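In the block that follows, a single chain appears as structure tokens, in the form predicted on its own.
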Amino acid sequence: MKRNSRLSGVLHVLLHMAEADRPLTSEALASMMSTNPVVIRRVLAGLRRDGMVHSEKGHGGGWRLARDLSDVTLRDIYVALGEPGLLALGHRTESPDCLVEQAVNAAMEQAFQEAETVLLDRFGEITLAALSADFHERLHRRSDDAV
């Protein structure tokens, strides 16, 4: 089953941006993500519309975060990405004539809606600041292990 990793990828990019003390070019971010700069620009353009990042042109330009890490939740980013589907599961037929399949779809649809509600509520509780803190804790532990 193919998973949509866009949200994960954007979070990765945003945390790299948070760690940088300068604007990062699309090329630099693309290199970090092993992707094409056009992909980075396309994704970040959506986040720019929602005021999460901004870009600076010219020498020394690039992308920067526009909001404090504690003000941005995973849900905010999910919405900025256009609210892609959260679950890979779906109905065999959307509008079946078969009463059995109608019953199956109704049960599954309710479960899907409940799962999405729980997931989106949780996304609303997780900030970029929390992800950054987790990264720094992991970095600290790795440094301690190396000594």
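The structure presented is a predicted model; accordingly, all values stated were derived computationally and were not measured. Think of the rigid core as the biggest set of C-alphas that the two forms share within 1.5 Å after superposition. Residue numbers run from 1 along the displayed sequence.
Not on display, but discussed next: the form predicted in complex with a further copy of the same chain.
- Using a 4.5 angstroms threshold between heavy atoms, Leu139 counts as touching a further copy of the same chain in the model of the complex.
- By the criterion of a heavy atom within 4.5 Å, Arg49 is excluded from the residues contacting a further copy of the same chain in the model of the complex.
- Interface residue remark: Val72 is not counted as part of the site for a further copy of the same chain in the model of the complex, having no heavy atom within 4.5 Å.
- Using a 4.5 angstroms threshold between heavy atoms, Leu86 counts as touching a further copy of the same chain in the model of the complex.
- Among Ala45, Val38, Val79, Ala107, the residue placing a heavy atom within 4.5 Å of a further copy of the same chain in the model of the complex is Ala107.
- Interface residues of 109-132, taken as those with a heavy atom within 4.5 Å of a further copy of the same chain in the model of the complex (partner not displayed): Ala111, Phe112, Glu114, Ala115, Glu116, Val118, Leu119, Arg122, Phe123, Ile126, Leu131, in sequence order.
- With a cut-off of 2 Å and the rigid core superposed, His91 has a Cα displacement that reaches or exceeds the cut-off between this form and the one not shown.
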